[in-house]
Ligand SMILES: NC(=O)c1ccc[n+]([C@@H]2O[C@H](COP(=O)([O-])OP(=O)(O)OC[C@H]3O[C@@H](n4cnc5c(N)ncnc54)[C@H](OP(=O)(O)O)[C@@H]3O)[C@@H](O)[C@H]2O)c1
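In structure tokens, the next block holds one chain alone, the form predicted on its own.
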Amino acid sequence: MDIRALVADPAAPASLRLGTVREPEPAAHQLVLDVRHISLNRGEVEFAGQLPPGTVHGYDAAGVVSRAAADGSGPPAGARVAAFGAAAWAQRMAVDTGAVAEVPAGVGLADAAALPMAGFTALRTLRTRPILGRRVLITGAAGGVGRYAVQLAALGGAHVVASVGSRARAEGLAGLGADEVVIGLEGIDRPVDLVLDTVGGAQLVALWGLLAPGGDIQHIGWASGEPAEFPPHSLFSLGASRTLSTFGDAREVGPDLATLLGFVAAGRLSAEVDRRDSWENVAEAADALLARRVAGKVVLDVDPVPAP
């Protein structure tokens, strides 16, 4: 059976277009999800043009299980779930049961779709250091990862410093739990213990100088597109070792998705959906995301597979 999907096309606006593909064939450990909503992440949109033409793109989705996994794992048919997996931007996706979580009653599927990649990235990077009473700096704080990280760091008892690129991007961050909101790194006059960096470039070099002994920079993204040039000897420091760590752990995210959904259900975490639209308008939505006209997440509604 053929289904509709957002596929890579270098000639299309945002290198994405709606096309027709074959319905996925699940492995024994995978369920089939009837997708209702998807969310866009900046990196996915930026790199869509590098995929082979016709590739079904995307990783974040939420919907209703149409076929349970053959091996008996995971939720049953009819369950509402959030999912993280390749080829998510389609009317149906096959996804590992270890990468889904059931959506609690009272949480909308559109909000659930916003959580996976940005949410577990924020959660897992914050878990790398004890943050209770520590100073945590989040760059690109107005973005999807950033707005989740601000909330989660505040929940964890950190002193949260949120860095944005302009005053307009600072709106709402104090209400999410930021103790300080700064433009760039202006006004940060005390060392920080943990940095979640989504910007890279020259700012990454400056962040190293702000890091306290024993502190860590979790490097998540490189939105600046600029090189980072460390001067000779600048990485040396006395005292406990400072570290710069990469992040890319997307294994078995189901339990973390369940944690995030539980926070949303309890009113402790906002899904921060700033733009919701039809997937027919993916080009406009992608442009708004890349041009930083979105604070938080973009969620697109997916047309369901027609009834037979």
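The numbering used is simple: start at 1 and walk along the sequence shown. Here the structure is a predicted model, which is why all the values come from computation and not from measurement.
Separately, the form predicted together with this ligand exists; it is not shown, and the next lines address it.
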property: Contact segment among 106 to 114, 158 to 166, 85 to 93, 207 to 215, judged by heavy atoms lying within 4.5 Å of this ligand in the model of the complex; result: 158 to 166
property: Contacting member of Leu176, Ala223, Val181, Leu126, with respect to this ligand in the model of the complex [4.5 Å, heavy atom]; result: Ala223
property: Val145, Ala101, Leu152, Val136 - the one with a heavy atom within 4.5 Å of this ligand in the model of the complex; result: Val145
property: This ligand contact in the model of the complex: Arg292, any heavy atom under 4.5 Å; result: yes
property: 4.5 Å heavy atom contact, His37 to this ligand in the model of the complex; result: no
property: Exercise: Val199 in contact with this ligand in the model of the complex, heavy atom 4.5 Å; result: yes
property: Gly248, heavy atom within 4.5 angstroms of this ligand in the model of the complex; result: yes
property: Residues in 27 to 52 close to this ligand in the model of the complex, defined by a heavy atom within 4.5 Å, in order; result: Asn41, Arg42, Gly43
